[in-house]
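Read the single chain below, which is given as structure tokens and is the form predicted alone.
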Amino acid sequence: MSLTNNATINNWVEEMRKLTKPSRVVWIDGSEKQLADLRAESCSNGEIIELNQEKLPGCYLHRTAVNDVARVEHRTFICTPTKEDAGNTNNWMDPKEAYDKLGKLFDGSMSGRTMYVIPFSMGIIGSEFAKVGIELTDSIYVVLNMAIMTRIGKAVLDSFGNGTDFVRGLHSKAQLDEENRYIVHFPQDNTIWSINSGYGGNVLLGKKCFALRIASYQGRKEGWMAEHMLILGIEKPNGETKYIAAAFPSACGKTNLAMLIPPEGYRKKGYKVWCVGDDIAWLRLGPDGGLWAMNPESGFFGVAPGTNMKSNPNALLTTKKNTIFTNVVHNLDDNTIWWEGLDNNPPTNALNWKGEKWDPTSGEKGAHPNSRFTAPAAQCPCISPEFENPRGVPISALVFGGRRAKTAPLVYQAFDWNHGVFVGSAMASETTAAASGAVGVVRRDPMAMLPFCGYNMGDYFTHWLEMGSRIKKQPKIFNVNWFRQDENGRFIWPGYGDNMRVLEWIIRRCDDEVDAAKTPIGYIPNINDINIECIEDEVSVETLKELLSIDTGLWKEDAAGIEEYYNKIGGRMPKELLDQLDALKSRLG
């Protein structure tokens, strides 16, 4: 029975019911009783496994199909009226073709199953930032994850009333058929269809599908921004908090930075770091003429391997209760979980991520490299007091980053907004030994949005430039690189908590408290303005000079790479960024 009198919602749900033909329809009201019943049902049919409730209260283990362990970018499509609207960086399919092709796959796909109707809000219910979605799914795993990652249930419908502007998400596990797995987005229709997958990144439709691909299109249309950015607050000893939003490609320490613990010297002085969000930021013009941000999610969907008490204690502590673990090792001795990089004590009586008996001395990994935890953000020890603020937080700085061995210095500041957009558009990382293929290949990932922009990347850059012209109190824009290497390939910046030293310089620049040196690429810190107290053994003044040095020869090569990338984006590249590239070349001589 429907939880709403909203005719637009009810008619759409009925249309999808007729298409997918479930044996029953259950509306998710968001109550703890209903969720508890669904957990019990999911445990009874083996979809999830209840873990040790003394050691991990409220925690469960799930295994996906072996052929279904990650986002499938080659099966992810943007369906716009023309191919050019989707752009050269997205896979495109004609909307009619997509509806026809997937309609046949969805026909009867829920036969003999239950369709769950999940009303959800991205952002705090009722906030001006918030957007409503409905996801229809035949997976209890999806329901339980969406209950962590978003705000769900009857309260969403009550707030929405008779509105019609909601995102329509349809998901079915169907046969989990790899050859017919599709995740397709119809930006003009506010619609997402996902079929033949059960992996979170493909089926939790509020996450990348809605909160980035669809929302980036909505933001351009409505005058706001949906970005692949963490949001953190730095509380100074005087009690004032400055907020930063930052974008990093994968494997660049984004989650670790979002939950950073300052070095002891900073903690003693009274500095604190607060996490507002670890992955996605929605940014709007605020009443003060500045840029304000909200995390549209209510949970963390984090990569498990490598998360430990040294790399990210706050993330690990967040997972100690009410968490769903996916594709990790199951320790049979005490009914807990483990993954590579958690500690040096792999369980000897355990099942691997596939559910097979696992020998830790075999050389085979026990947890899948993309195994995950889904945990409520409110449980994070450093969650911001402003996390539930419907107005969001004011942003002082935007930060871009990448993994560069030699080219980019530790930190530099853009000259102005348009130059900052150029810096973000040229974001890149070099491939590491962990990635397949050649080492050291430069991969461009503008604003870390390459897989997540729901429309033409050239139009996306234009939107950034237009937003800048409307923001009276513009955040300053910076680029960081924690991954500079010496001639022996060793990292020369300690990273982790010591990244606070760079964040301190950034917020001091935002407050006009320190000067900087002008270079061809931007403003870099004066040596004495980066605090290396207590790390002089690792980072001497000479090392710091090396970290901040700029090799014009390497930058000329990089400029050529940027030009090549811009050519790939094509005819909708904004002239302002082409002019910025020419200006960089000119400054480099």
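Numbering starts at 1 and follows the sequence shown. Keep in mind the model is a prediction, meaning the values are calculated, not measured. Think of the rigid core as the biggest set of C-alphas that the two forms share within 1.5 Å after superposition.
Just so you know, the form predicted together with guanosine-5'-triphosphate (GTP) exists too; it's not on screen, but the next bit is about it.
Asker: Is there a heavy atom of F186 no more than 4.5 Å from a heavy atom of guanosine-5'-triphosphate (GTP) in the predicted complex?
Answerer: Flag for F186 set to no.
Asker: Going by a heavy atom distance of 4.5 Å, is F483 a contact of guanosine-5'-triphosphate (GTP) in the predicted complex?
Answerer: Looking in the predicted complex, residue contacts with guanosine-5'-triphosphate (GTP) include F483, since a heavy atom lies within 4.5 Å.
Asker: Might E227 be said to contact guanosine-5'-triphosphate (GTP) in the predicted complex, defining contact as any heavy atom within 4.5 Å?
Answerer: Taking the distances in the predicted complex, the answer for E227 is no, it never comes within 4.5 Å of guanosine-5'-triphosphate (GTP).
Asker: With the partner left out here, check for me: in the predicted complex, does some heavy atom of R372 sit within 4.5 Å of guanosine-5'-triphosphate (GTP)?
Answerer: Yes, contact at 4.5 Å.
Asker: Taking 4.5 angstroms as the heavy atom distance cut-off, pick the stretch from 139-147, 471-479, 273-281, 77-85 that is near guanosine-5'-triphosphate (GTP) in the predicted complex.
Answerer: Selected range: 273-281.
Asker: Of N256, T319, Q413, S384, which one comes within 4.5 Å of guanosine-5'-triphosphate (GTP) in the predicted complex, counting heavy atoms only?
Answerer: Here the answer is residue option N256.
Asker: State the residue from M309, A251, V514, L332 whose non-hydrogen atoms include one within 4.5 Å of guanosine-5'-triphosphate (GTP) in the predicted complex.
Answerer: It is A251 that has a heavy atom within 4.5 Å of the partner.
Asker: Heavy atom within 4.5 Å of guanosine-5'-triphosphate (GTP) in the predicted complex: which residues of 288-325 meet that condition, in order?
Answerer: Residues within 4.5 Å: F301, V303, P305, G306.
Asker: Could you check whether the CA atom of K101 moves 2 Å or more between the shown form and the other one, using the rigid core for the fit?
Answerer: Comparing forms between the shown form and the other one, the K101 CA shifts below 2 Å.
Asker: After superposition on the rigid core, does the Cα atom of R484 shift by at least 2 Å between the shown form and the other one?
Answerer: For R484, whose C-alpha is compared between the shown form and the other one after core superposition, the shift is 2 Å or more.
Asker: Taking the rigid core as reference, does the Cα of R404 move 2 Å or more between the shown form and the other one?
Answerer: After core superposition, the displacement of the R404 C-alpha between the shown form and the other one reaches the 2 Å mark, so yes.
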